[in-house]
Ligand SMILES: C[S@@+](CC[C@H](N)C(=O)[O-])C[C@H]1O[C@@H](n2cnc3c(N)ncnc32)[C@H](O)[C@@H]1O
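Shown below, as structure tokens, is a lone chain in the form predicted on its own; questions about how it binds or moves come after it.
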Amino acid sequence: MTLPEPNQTLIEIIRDRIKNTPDQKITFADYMELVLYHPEQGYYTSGMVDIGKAGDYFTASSLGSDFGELLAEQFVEMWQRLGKPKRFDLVEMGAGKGELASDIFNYCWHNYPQFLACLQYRIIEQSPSLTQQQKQQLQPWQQKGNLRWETWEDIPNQSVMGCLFSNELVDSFPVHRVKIENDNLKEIYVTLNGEDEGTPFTEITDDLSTPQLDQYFQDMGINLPSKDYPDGFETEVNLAIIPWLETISRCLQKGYLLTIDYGYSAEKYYQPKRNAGTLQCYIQHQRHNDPYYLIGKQDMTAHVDFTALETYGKHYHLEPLGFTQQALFLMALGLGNRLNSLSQGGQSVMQVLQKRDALHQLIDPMGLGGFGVLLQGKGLTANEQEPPLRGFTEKT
């Protein structure tokens, strides 16, 4: 395995940012923001990111078209539940290489032409290189006029009627890191490492950068710090979800927010035995926990606190409608039928084995199948909320 070299230009940018702060330190959230999203040099924005077998990580849509096709079944039901409006907005936030959107379009073309005729597919993507890949992948649908790329600023207030959704997006939001020291909650900062030229940055702890961090744990009902937590306990806080949810609510007039990601409830996320947090880095499908290794050339993520999404969603009129695991979600939408149909012939033995393996990976409880699937809604009547949508008929 040949590893790339760290992005020295990005390292210098981070060094300059730290040097130009009064205390010669930045929050870990600021560091993660620069590493992943710096406009020219960030991991996601520089053109380095690759998704799939040849990249650093893969998503459900990398395994074939089934994930997108089953999601399409759920979106069609949402459209039906809303009374089959003449325009149904489907807003994908962070669209990867465009494979998921392509699978949704192709499936609806063959199975739900009425829905497709009403569909307005909108992509919000921060990475210029991924946007280019998406446009190449989705060129036929772009020509038909029911697909466009937008920024949040392009979407008028209360204009979306339909569903906003993301798959493995929230885990890549920059997070603050906190630590218990002598029974006090401190924040982990990034500063310059003057002793070792090979390791440009090091960590220090100091007072919290914002009272929102304390408030977050109060809002989640987590008593941190307390005697239940050991000295040295570390974890993360994703404050970026708060403005994200506010923006979604601003745009959404009526419909749904669907979030698929790996994570836990707050109670499980912040249990004392998880004393090193959930921060993970990925390089060529290898996972580790050193965010200062191969800076700018590796992915960096933290698990999602689904309780926080529900709690802060309510602040912005996004009501929780269902929560389940991806395995149950996809089985309820027909994945089991797809597995059963593999024995009916028409494909080679190799094709059947490959297809079966991909389907099993989607529902593997130790992998993708264990992902959380959260449904929130806004502006819906009681009849539009009940009974549960098909994907949420099986509870965890």
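Just so you know, these numbers come straight off a predicted model, no measurement behind them. Throughout, we count residues from 1 along the sequence that is shown.
Below, we turn to the form predicted together with the named molecule, even though it does not appear here.
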The named molecule in the predicted bound form: contacting segment from 171-179, 202-210, 287-295, 110-118, heavy atom within 4.5 Å: 171-179
Contact of residue 322 with the named molecule in the predicted bound form (heavy atom, 4.5 Å): no
Distance check, residue 27 to the named molecule in the predicted bound form, heavy atom within 4.5 Å: no
Exercise: residue 59 in contact with the named molecule in the predicted bound form, heavy atom 4.5 Å: yes
Distance check, residue 127 to the named molecule in the predicted bound form, heavy atom within 4.5 Å: yes
Contact test, all of 37, 44 and 96, partner the named molecule in the predicted bound form, heavy atom 4.5 Å: yes
